[in-house]
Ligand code: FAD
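Take a look at this single chain in structure tokens; it is the form predicted alone.
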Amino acid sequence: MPVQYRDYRHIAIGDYQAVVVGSGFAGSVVARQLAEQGGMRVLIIEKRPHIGGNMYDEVDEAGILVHRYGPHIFHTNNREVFEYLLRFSEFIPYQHRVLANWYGTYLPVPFNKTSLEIAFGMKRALTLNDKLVDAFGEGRKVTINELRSQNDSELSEIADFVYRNVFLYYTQKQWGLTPDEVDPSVTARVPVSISRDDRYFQDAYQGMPKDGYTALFENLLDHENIDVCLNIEAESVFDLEFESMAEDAKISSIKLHDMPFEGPLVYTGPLDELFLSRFGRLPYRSLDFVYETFDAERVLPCGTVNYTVTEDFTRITEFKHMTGQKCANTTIMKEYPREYNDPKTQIPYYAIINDENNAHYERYRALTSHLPNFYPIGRLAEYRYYNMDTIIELALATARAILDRQ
């Protein structure tokens, strides 16, 4: 049976034992587990006109399968997570590779031994490589901050090159900050690799859903106990009741269709938006995407090229490298980072993590602390960065916790 879509105006909220806000991996996996393992009727409320969250893909006018919210490559070391997804989609093999366009020359990213040779020449690279191996060990991955902290002139030479030509401008474009101002957990995601492994990810399980992510989500939500309402913002249908009129008063209950809902409420959206930004909006970075189609089989040497020293955009993605699609033309996508200003016209992609913003988030989180049936989960609801596999792992754990309490 296909996904069961419903008109929110006509549902009877009393028919459902659980409500999930958002149909990305966090919400969809929890919904499936509650419906399948717990036999619960689950209502999904989704603000967009489609399921799948940021993983949504579709065929464009040129016949190319494109990711509408940036490229998504599945990778994990968690066998349970990978086998869970295999229930809903076959996967085709794909090893993601990224190149940096360094003034017209391509450098592998993460910066590795091959990058070292291209940047410094073979002879000089031999000496610098020996220094890296002596300092950190063969095969290690070293963060740019760790490399910059070494008290050695030749290691500093490598660090300065990588910082200036791979990190500095790219990070300024992506975050509107210098690398020094960005949380170390962010810069650590793109290390310097002391090896020739040019894969962007080294996880044991990597690949792409054979028929695309949207088809995977359609299978994931294809269950008789799951109903989906599209184009519905939670803040427009949740009636929040507070313990008092104080600004920091905690939620005592949430009503839907004028009825207090006492079953599990799984929330995957921005927590500040649920409270109409009463303490001010949480800072995020947003993205604009520009698509171009060419009458050529391929125009890039790999799936993604990062522009680390030139251009206003951060990267170009060519989807056919990832999907394995065979046709005479191709579509690419350029990404332009933007400041997040308007929830009505922009999408919050990346939380700007620092102590001040974390404290800002915790003020919102405290409003829900006395509500035992409220479960915030995911990048937006928890104001942090997660890879897809971690989200799925957390969703499975959240569903188990909910079912254990029933």
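Note that the structure is a prediction, hence the values are computed from the model and not measured. Don't overthink the numbering: it's just position in the shown sequence, from 1.
Heads up, the form predicted together with the named molecule isn't pictured, but that's what we're talking about next.
235 is the sole member of 235, 134, 297, 152 with a non-hydrogen atom lying within 4.5 angstroms of the named molecule in the model of the complex. Note on contacts: among 375, 361, 340, 69, the single residue with a heavy atom within 4.5 Å of the named molecule in the model of the complex is 69. By the criterion of a heavy atom within 4.5 Å, residue 18 is excluded from the residues contacting the named molecule in the model of the complex. When contacts are judged by a 4.5 Å heavy atom cut-off, residue 54 counts as touching the named molecule in the model of the complex. For the chain shown alone, residue 41 is not a contact residue for the named molecule in the model of the complex, no non-hydrogen atom being within 4.5 angstroms. In the model of the complex, residue 209 stays away from the named molecule, with no heavy atom inside 4.5 Å.
Screening 344 to 352, 30 to 38, 58 to 66, 364 to 372 for residues having heavy atoms within 4.5 Å of the named molecule in the model of the complex returns a single hit, 344 to 352. In the model of the complex, 315, 335 are the residues of 303 to 335 with at least one heavy atom within 4.5 Å of the named molecule, listed from first to last.
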